Every structure is written in structure tokens, then in C-alpha cells.
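Next comes just one chain, in C-alpha cells: the form predicted on its own.
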């Protein structure tokens, strides 16, 4: 089954030359490692910093899309430094990451802010990738614990408030357990079975909120510090539609290894 592989570069690289160099080297390595079919058979999206997006679209590799790491909650106006959905649309961008844990933590973004961003994205036919996930797990807590499900369902309820039935096909969910992210000092590895349970719970939410038919069209990704080694651990996830990759996607050899391992999933 085709996977959606989203690479979030975060605040990297440091210069436009490095960004250009990454794309050109990636192009060569895809050919060298015979990964063209992998690229064709899956959906590959790279999310660079805003400032590099336009130039990377011009240099884009065939079947690799350039998306956005975030978007403003404002459509237009005196909002210094903000980038609107309409601006992104005009650049040819289709995919927009919203609600990432770093935006929630470092910029104090609330579910209501994220909801506005999602509604704006959908208005301009952009595909929002909504990140949801719990900060911590108590000992012996699982994806089926009431407290954990309440956190995730509340995020879904509030972030997707007002989304119309016909727009569900454009919604993508990235389950991002913060406690499993490597930048967290106390991170721990998520168990495959637990991740699968959470993905089933998320699909169930869409079934009860919309319908089973529409829920089946929602892509659900996993984003718990995926790298070339642990991505193979998740190949047994029958419900998994792809991955949100962070730090590992900024390292060329690591990223190529991840794409290579897609052959085995």
C-alpha cells in the first residue's frame, strides 16, 4: 500500500545553498540507489523552512512535493511575519503541517488556533496534516486508557471543529506521542501494538464524528522519532498510512536509508 512520507526539516538547514545542495544530492542518491519506483509508488513530501520553499519547488525532484511547516491563522492583514494559506496556495503548495508539538510548546498554540488554521487551509484546498499526541504517559498507561484517549479525542474535537463532511478527504492526522520523541530528555520507545491501538482509536473517532466511509479516506501517519532502524518495526501496522519524519530527514544518508527501507514495508 502506498505510504505518505512527510519530512519535517524544522529550522534546518542554515543557508539556501545547503538547502539547494540537499535536494541536488538527494536527486543523485535516488538514482544511485534505484529508488525511483519507491518515489513513484509512494507520496513523498518535504517541509523546508518557508524561506526555502519557493526555490525548492523550482528544483523539485519528480514525484517529490514541497510543503509547509506551518501557516498563519490569519487570512490577510497587518500581521507582521505571518504567511497565509492563500500565499501558500499561490506558490503551488498542497500540504501544510499544523499543530506540531513544538508549535504547541514553544509558541503556546492552542487547539482553537490550530482549528482556525485548518479551516483556512481547507478553504484554499490545502491538505492540513494535523499533529495530535499526549505529552507523557504514566507507568502502565496505554493507548486505551481513558485519560490518554480523552487527550487525543479532545484535540480532534477542538482542532477539527466546523470541518465539513466533504473536506474530510483532505484531512491527514499525524499521531505524535511527545514522550516518544528523541528531543525529549526522558523519551522512551513506543510499542508497535500501542501505536496501532491509538491509530484504531483515531479512526474510530472519525467514524463516530462523520461516517465509516469517510473515516476510511483519512490518512493516519505515525511521527514518534522515526529513523532508518525503527521504521521497519512499524511495517506490521496494517492501519498505518505513512510517517512524519523529523530530525532524521535532515541527514541525507539517514533519509536515503529510510526511503530504501520503504521497499520492505
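Residue numbers count along the first chain shown, from 1. Just so we're clear, the structure is a prediction, and the values are computed from it rather than from any experiment.
We do not show the form predicted together with a small molecule, though everything after this point is about it.
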{"query": "Per-stretch contact check against the small molecule in the model of the complex, the hit in 100-108, 190-198, 119-127, 160-168 (non-hydrogen atom, 4.5 angstroms)", "finding": "100-108"}
{"query": "Partner proximity in the model of the complex: residue 221 to the small molecule, non-hydrogen atom cutoff 4.5 Å", "finding": "no"}
{"query": "Non-hydrogen atom contact residue 242 with the small molecule in the model of the complex at 4.5 angstroms", "finding": "no"}
{"query": "4.5 Å heavy atom contact, residue 172 and the small molecule in the model of the complex", "finding": "no"}
{"query": "In the model of the complex, residue 176 touching the small molecule (heavy atom, 4.5 Å)", "finding": "yes"}
{"query": "Contact residue in the model of the complex, chosen from 143, 71, 93, 180 - any heavy atom within 4.5 Å of the small molecule", "finding": "180"}
